[in-house]
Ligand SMILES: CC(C)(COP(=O)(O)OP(=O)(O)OC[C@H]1O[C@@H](n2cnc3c(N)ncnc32)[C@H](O)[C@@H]1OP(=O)(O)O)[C@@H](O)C(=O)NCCC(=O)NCCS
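Below you'll find only one chain, the form predicted on its own, shown as structure tokens.
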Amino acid sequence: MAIEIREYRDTDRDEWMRVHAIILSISHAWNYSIQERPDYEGHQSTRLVAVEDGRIVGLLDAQYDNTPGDLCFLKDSPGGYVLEFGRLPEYKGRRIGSLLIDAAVEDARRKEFHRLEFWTQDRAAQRFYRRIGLPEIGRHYRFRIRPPQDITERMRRDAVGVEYLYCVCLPEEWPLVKQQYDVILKHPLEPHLCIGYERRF
């Protein structure tokens, strides 16, 4: 059966959340889980779903800069930041990712944007972006550290406990960071290299 790409509808909410949760459970692309459908208030957005036989099997959301760089990494022109993107695992090999990207490009053009940014910590997603020829635009490590004693004590004075600090650094700083800080290495809080890719049109 053919895959249809269409705009998200409010009546899709429960199924969208279910599909999103399944995708999240097998991917390192997200740092947190969500319990509500994002609405992207204050920004233009593209919200697409891939549908087969009336059921959602994939999704893509992009949120657009109001001014260059207020959401996106690159600041040469306003762009779209792809926040939600994936497909159900049993639909591997059906070109759903490429179909969603092509439809997002067309919607971005209609809104007079000419580029999309894709950032991910997930290695399978990174391979996918390379395979379809998207150029890399940047990379950084995302990681958690146990807080240094001075920070713990300072926050404790305000009756705030600190379980861990969520941090980022450039790859060239990563060896020094690992030497200087108590980086949490165990799943599900292990470090990940986040890589950005771009599609211009």
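None of these values were measured; they are calculated from a predicted model. One-based numbering along the sequence shown.
The form predicted together with this ligand is left out here; the points below concern that form.
Though this ligand is absent from this view, in the predicted complex it lies within 4.5 Å of a heavy atom of just one residue from Ile184, Val177, Ile23, Leu193, which is Ile23. At a distance threshold of 4.5 angstroms between non-hydrogen atoms, Asp107 is out of contact with this ligand in the predicted complex.
Under a 4.5 angstroms non-hydrogen atom cutoff, this ligand in the predicted complex lacks Phe113 among its neighbouring residues. Ser27 belongs to the set of residues with a heavy atom inside 4.5 Å of this ligand in the predicted complex. When this ligand is considered in the predicted complex, Ala103 lies well away from it, no heavy atom lying within 4.5 Å. Residues from 98 to 132 that approach this ligand in the predicted complex with a non-hydrogen atom closer than or equal to 4.5 Å are Ser98, Trp119, Thr120, Asp122, Ala124, Ala125, Arg127, Phe128, Tyr129, Arg131, Ile132, in the order they occur in the chain.
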